[in-house]
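Presented as structure tokens, the chain that follows is alone, the form predicted on its own.
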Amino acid sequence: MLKIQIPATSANLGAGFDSLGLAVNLYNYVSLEQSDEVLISSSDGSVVPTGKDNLIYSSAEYLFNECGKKLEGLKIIQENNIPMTRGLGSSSACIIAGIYGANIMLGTPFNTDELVNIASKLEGHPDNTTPALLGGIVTAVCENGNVYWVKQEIYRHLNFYAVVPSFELSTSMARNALPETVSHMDARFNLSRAALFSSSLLQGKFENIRVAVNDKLHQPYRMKLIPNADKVFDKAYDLGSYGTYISGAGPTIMSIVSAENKLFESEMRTFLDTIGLSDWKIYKLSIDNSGARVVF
């Protein structure tokens, strides 16, 4: 049985709406084996679809169809550590597990660029699927069905603290909150900050990140869907965050923090408990530079 490790991802990174994403060291594990029937279960007790509508299965089936092969069935065992519908790339992890595993089963007929394109097509945008596949921080743009991407690895001494609310927020609901059009001024605002983010992070100019994660395209609208988000943002900066942003479509709030800051997690935990958010979780994470891979 093939066992695949897929990292969680954090997309947008503030101003890089639908184009920037990074992988972190929180993993789903998916074991796959060809079978005459569809046998899907979870080893962690979470409820997952057990038919062909399971996203891992349907993604694998898509790849088989692209090769002109019929997929009779799969045995899939999921270990879901990435919180679902929280803005940490749980659906992208399923897509990557399916196509990555199927590609190996088929004898690797698709190269990396082709898998990136297929994953983006299945997900609808490349900002989560590409770093889930490749690792690191990825800038990705989709044009005419092709994804143009650059991956950069990060070895800075940084922690990424994910503050995860107790409620789900679907991507469709988060997208419906956005306006149909934006002003030229707001577009220019985001372009400059998205350009600043990656270079500042990679070169260690962390003093730039607070400005670089500012956004006018999606965060102001999605903040309204996350009660107490403004309080968490303010507290994160009080505790020394270099930059805090809504991860993906939300509701997770991500803070980039120096590894030398030893009090951030405990102080944020105390704060959340004090304001009645004891059911919100905090994950201490770091960059995953490897992406999806087979494990034993």
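Keep in mind that what you see is a predicted model, and the values were worked out from it rather than measured. So that there is no doubt, residue numbering starts at 1 and follows the sequence shown.
Beyond the structure shown, there is the form predicted together with a small molecule, which is absent from this document and is the topic of what follows.
Taking the small molecule in the model of the complex as the reference, which of 151, 222, 193, 86 has a non-hydrogen atom within 4.5 Å? That would be 222.
Counting any non-hydrogen atom inside 4.5 Å, which residue from 81, 171, 117, 214 sits next to the small molecule in the model of the complex? Contact residue from the list: 171.
The small molecule in the model of the complex: within 4.5 Å of a heavy atom of each of 157, 257 and 288? Checking in the model of the complex: none of 157, 257 and 288 is within 4.5 Å of the small molecule.
Since the chain is shown here on its own, which stretch among 59-67, 46-54, 245-253, 25-33 would lie within 4.5 Å of the small molecule in the model of the complex, judged by heavy atoms? Careful reading of the contacts points to 245-253.
Quick check on residue 128: any heavy atom within 4.5 Å of the small molecule in the model of the complex? Flag for residue 128 set to yes.
In the model of the complex, does residue 15 have a heavy atom within 4.5 Å of the small molecule? Answer no; every heavy atom of residue 15 is more than 4.5 Å from the small molecule in the model of the complex.
So in the model of the complex, does any heavy atom of residue 175 sit within 4.5 Å of the small molecule? Yes, residue 175 sits close enough to the small molecule in the model of the complex that at least one of its heavy atoms falls within 4.5 Å.
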